[in-house]
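Just one chain follows, in the form predicted on its own, and it is written as structure tokens.
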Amino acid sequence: MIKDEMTSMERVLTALGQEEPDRVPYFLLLTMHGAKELGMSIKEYFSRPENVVEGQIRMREKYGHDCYYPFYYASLETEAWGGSTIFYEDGPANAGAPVIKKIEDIESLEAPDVWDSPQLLKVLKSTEMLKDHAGEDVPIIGVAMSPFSVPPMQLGFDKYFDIMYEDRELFDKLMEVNTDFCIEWSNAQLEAGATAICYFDPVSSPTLIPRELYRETGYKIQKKVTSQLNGPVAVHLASGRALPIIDDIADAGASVVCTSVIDDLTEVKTACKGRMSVLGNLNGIEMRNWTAETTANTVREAIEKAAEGGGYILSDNHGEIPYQVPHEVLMGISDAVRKYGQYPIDR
């Protein structure tokens, strides 16, 4: 294995500065795999911040990727609002029953206090512990659900789209409460030691809604959130298409856009040039069955498409690598980045 010349932080910052570091940085956004490392169930693993910290440290030591990712699961945020989570043995946790039973309840809805939520405090503790361990050598990626994209867990997709299209007064009220919470939660993670916030916003993707509606809603909300955060933001559409709204995402203040495998990586890189960096776009679902040859060729192709000139971080396209992706594939990604990702890129 080629010895790295830079720390992960130096490498990532150089790439984000639209310059070429020693090699292409790569983020293995591993969450549930930490449970495997510790021989625990997924539910037990996420029950203590010490577990998550140990899992993150072990996985980075094994695969050599360029970040720590103290993300637990998406529904953890709704737990702070009084919701529940359903755990599975071999897959991501899902939100339980919606916390908003009737849309009229939005009128009296109040955001929870970040500092009074045991679940959120676990994430902050994990972040602090990883920061103590990493210092300034490794980026720590915090996660916040977009105020525009968390409502499907709060009240269900059907009711959410009803108010989005038919009751803008209630929609605006929900966005106001969610936005206040998102800003407080994001800044709390940055204060705890996160380097940047990954802002998950799949509902904004043109895969789900027309760009015209996005411009009236998700775009304005992202712009408000990013303007009040104390650190950089990466917008992640969680497998949704990004290319048709690249200009909007950049204009709303993102430093990085995380692109889907549906998007052409070359076109995304070209569209972002000089404005944003690109993260992506390995297919996490297909990754479960990759051979050694497929792994190497896929990583090489992504690097050839997007790495030249910096501004690129290789990663999966969803923001969470499936539990079923085997060790051999993850190690293969690591080896391929070091083989094909040394700058200058050899085409």
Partner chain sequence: MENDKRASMDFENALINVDRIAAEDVIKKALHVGEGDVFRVIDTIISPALESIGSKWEAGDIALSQEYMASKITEELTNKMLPIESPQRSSRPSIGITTLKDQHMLGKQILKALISSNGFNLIDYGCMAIENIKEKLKTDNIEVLFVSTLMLNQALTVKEITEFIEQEKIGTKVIVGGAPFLFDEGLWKEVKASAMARTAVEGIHISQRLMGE
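Residue numbers count along the first chain shown, from 1. Remember, it's a predicted structure, so these values are computed and weren't measured experimentally.
Quick note: we don't show the form predicted together with its partner chain, though the next part is all about it.
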| item | value |
| --- | --- |
| Contact test, all of 91, 241 and 324, partner its partner chain in the model of the complex, heavy atom 4.5 Å | yes |
| Per-stretch contact check against its partner chain in the model of the complex, the hit in 217 to 225, 120 to 128, 81 to 89, 171 to 179 (non-hydrogen atom, 4.5 angstroms) | 81 to 89 |
| Residue 285, heavy atom within 4.5 angstroms of its partner chain in the model of the complex | yes |
| Any non-hydrogen atom of residue 31 within 4.5 angstroms of its partner chain in the model of the complex | no |
| Residue 95, heavy atom within 4.5 angstroms of its partner chain in the model of the complex | yes |
| Distance check, residue 99 to its partner chain in the model of the complex, heavy atom within 4.5 Å | no |
| Position in contact with its partner chain when the complex is considered in the model of the complex, options 110, 166, 104, 116, heavy atoms within 4.5 Å | 166 |
| In the model of the complex, the one of 195, 260, 146, 277 near its partner chain [non-hydrogen atom within 4.5 angstroms] | 260 |
| Those residues of 154 to 169 which, in the model of the complex, come within 4.5 Å of its partner chain by heavy atom | 157, 158, 161, 162, 165, 166 |
